[in-house]
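Coming up are structure 1 and structure 2: the same protein chain in two forms, each one given alone as structure tokens.
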Structure 1
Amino acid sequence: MNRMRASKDMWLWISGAALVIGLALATAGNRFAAFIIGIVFLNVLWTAGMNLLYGYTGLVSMMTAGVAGIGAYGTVKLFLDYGWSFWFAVPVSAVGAAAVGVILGLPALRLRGFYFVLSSLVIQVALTLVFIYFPQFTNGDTGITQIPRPGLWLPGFGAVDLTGPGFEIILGLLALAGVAVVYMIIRSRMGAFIIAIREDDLLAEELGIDVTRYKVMVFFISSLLMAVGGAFYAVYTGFISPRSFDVLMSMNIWLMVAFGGRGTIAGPIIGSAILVPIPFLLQELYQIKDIFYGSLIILVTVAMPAGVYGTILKWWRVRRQKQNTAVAPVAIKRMPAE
């Protein structure tokens, strides 16, 4: 059984990898389309982190963009000013950013529900101010421009050109890896614990789960994903400024998870794939962008609390349940196990 699942999983990841490489190559001729795909991949990575935090652990964090920003600024500083290799700068600054995120978020993680949301929002606003008011590290509100793409030397391939579709492929594989990390956590014992925390943290505490420890672990891992995404965003777009990592970005990442379907692996991917391209494709309608996004947020909260994928899943289950009832009424008893 496990083996079957493992081999099924492997095929899933391989076809996922084939899909991202295919998408990157298919858009190679049109650098605008390729850019949209690249940004979608980055958002898949970010929403994977947000999904772990919000979808599976129930923590609505509004400081995710700030953590991504620390990762980005840290990487750019090490890469450009200290001359580190980009590939070495990313893990160092990502771990650093995740550590800073945990240190800032740690006291807040003790808080429940809404107070955590608020604290994380305050931390996000403070981080944005830090990005603006400490120009010696961040170049202030004008931002850092002309960040070059790094080179890559792969054994067996030699120097790989990353100006073309190579970088989109890397972003795609990175996104896939992020989703895989979340998937593996959810399948593990830790996954069962954090879902228990989401459902009822007091009960989880009583059952002997160290709630704060697991929250911190989840927060660290998701911050890591955010920061790596931020670092790649910086070199991919070539520009970062405080507004690249403001509270609106935190909200957008949250929205993609909620819109796609929180607490599902596919939901956030669907959310990113639908929502990210919209502002790029509707450039002429830039004036109604905010109204559109706002309405979407309200619509999702009111009408589709489970998100697009969650609603489809629910509908599918109800349908299957009906069919099963018609054929074999006994089957119903197994349903609550979901």
Structure 2
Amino acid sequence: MNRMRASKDMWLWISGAALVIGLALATAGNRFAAFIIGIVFLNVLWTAGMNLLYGYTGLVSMMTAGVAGIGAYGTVKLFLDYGWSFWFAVPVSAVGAAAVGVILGLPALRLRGFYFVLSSLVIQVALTLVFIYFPQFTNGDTGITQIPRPGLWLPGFGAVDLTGPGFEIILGLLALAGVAVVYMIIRSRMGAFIIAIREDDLLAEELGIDVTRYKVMVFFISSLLMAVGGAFYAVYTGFISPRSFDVLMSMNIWLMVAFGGRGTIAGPIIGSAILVPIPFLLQELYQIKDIFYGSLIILVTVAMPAGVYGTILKWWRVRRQKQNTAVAPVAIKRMPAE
């Protein structure tokens, strides 16, 4: 059984990688469409981290954008000012940003419900102010412009300039890796523990689960994914500012998870794929863009409280249960008499 599941999972990830590469190559001739695909991939990575934190552990954090900003500014600083390789600057900055996120969020992790959300919101606002009022590191509200894309050295090909679909492929594979990390965690013993914490953290503590320890671990992994996404966002768009990583970004990431279906692997992917392109596709209709975006979110929230994928999954399970219930009496009638 385990071997069959591993084989099924392997083919699933291979299919996901093929889809990512196919999308990047299909949009290679249209840079506008390719850019949207790249931003969707980045948001899939961010929502994977938010889903682990919110969907599976039950922690609604509004400081995720600030952690992504630390990863972005740290990477750009090491990459441009100190001459580090981008591929070495990313993990160093991401681990540092995740550590800072845990240190700042550790007091809040002891809080529950609304108080945790409020505490994380205050931290997010404080991080945004730091990005604005320390221009020697961030260039203030003006932002950092003309951030170059990094090169990549491949055996047999030498240095490759990532100006075409190659960067979208890297972003897509990175997003797929983030989703895979969340999937493996949920399949593990740790996944069972954090889901128990989501359902009732007091009961989980009574059962001997170290609630604070697992919350810190989840917060660190989620922050790591956010920071990596922020680093790649900086070089992909070529521009970052404090407004790129404000509370609105945190809310949008949370909305994508809730819209697609929290606590599911596919839900945040669906939420990102639907919500991210809307502002780009409706940018000429700026009068109704925000109205349409908000109305769609309200409609799904009211009609599908479990999100798009969560509702489909629930409907499918109910349908299967009805089919099994209908088949059971027929099977009983056909049983031979003893």
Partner chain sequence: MVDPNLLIGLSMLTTGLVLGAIFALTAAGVTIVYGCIWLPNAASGQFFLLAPLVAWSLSTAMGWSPILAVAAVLIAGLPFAYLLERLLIRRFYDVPDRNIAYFVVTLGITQILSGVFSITWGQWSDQYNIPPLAEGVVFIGPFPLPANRLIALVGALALLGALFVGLRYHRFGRALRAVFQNREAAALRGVDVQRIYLGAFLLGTSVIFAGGLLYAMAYSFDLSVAWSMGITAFAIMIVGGPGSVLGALVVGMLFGFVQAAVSVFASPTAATLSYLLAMLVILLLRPSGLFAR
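Worth saying up front: this structure is predicted, and the values here are computed from it rather than measured. Every residue number counts along structure 1's sequence, beginning with 1. C-alpha atoms forming the largest set that superposes within 1.5 Å between two forms make up the rigid core.
> Looking for the form predicted in complex with its partner chain among these two structures; is it 1 or 2?
Structure 1 is the matching one, since it is the form predicted in complex with its partner chain.
> If the two forms are fitted on the core, does Ala303 show a Cα displacement reaching 2 angstroms between structure 1 and structure 2?
Yes.
> After superposition on the rigid core, does the Cα atom of Phe32 shift by at least 2 Å between structure 1 and structure 2?
Comparing forms between structure 1 and structure 2, the Phe32 CA shifts below 2 Å.
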